[in-house]
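Given next, in structure tokens, is a single chain: the form predicted on its own.
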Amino acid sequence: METINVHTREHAQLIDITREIQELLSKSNMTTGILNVFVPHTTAGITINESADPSVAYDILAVLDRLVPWREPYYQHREGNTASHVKASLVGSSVRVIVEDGGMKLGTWQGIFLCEFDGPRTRKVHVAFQSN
């Protein structure tokens, strides 16, 4: 297992970490198997989505903000970041990617994103390799 530290700059942002994960995969010498990417935080997530057009990440954050507003009178969590926890639950904390011929089998436009919902912070992303 390897760990990436990602420094977020905004309260909410999607950060493409595909290149960093591919570098770890290349160093691992794994040619075929499964790659597991996991974020051990309750106010951050991991997702796979389009990485070619940055407006997609913006739109994802905008839709999540409409679905789960930052402030609501009925939130009870005392830290004041309930929306971050809900968004992290909706997105999820991990993804799995097939590895073949030493590369991730992502679609043409796909990338792996750390989803920050309560930043700025330094986030850990764990990457585990399961070879066949």
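The structure displayed is predicted, hence computed values, not measured ones. Residue numbers here begin at 1 and follow the sequence given.
One more form of this protein exists, namely the form predicted together with a further copy of the same chain; it is left out here, but the text below deals with it.
Participant: Taking any heavy atom pair closer than or equal to 4.5 Å as contact, tell me whether N29 reaches a further copy of the same chain in the predicted bound form.
Facilitator: Outside the cut-off, so no.
Participant: In the predicted bound form, is there a heavy atom of a further copy of the same chain that lies within 4.5 Å of any heavy atom of W70, even though the partner is absent here?
Facilitator: The answer is no: W70 has no heavy atom within 4.5 Å of a further copy of the same chain.
Participant: When the contact criterion is heavy atoms within 4.5 Å, does P40 count as touching a further copy of the same chain in the predicted bound form?
Facilitator: Taking the distances in the predicted bound form, the answer for P40 is yes, it comes within 4.5 Å of a further copy of the same chain.
Participant: For H7, is any heavy atom within 4.5 Å of a further copy of the same chain in the predicted bound form, or not?
Facilitator: H7: no contact with a further copy of the same chain in the predicted bound form.
Participant: For the stretch 24-51, which residues lie within 4.5 Å of a further copy of the same chain in the predicted bound form by non-hydrogen atom distance?
Facilitator: I34, N36, F38, V39, P40, H41, T42, T47, I48, N49, E50, in sequence order.
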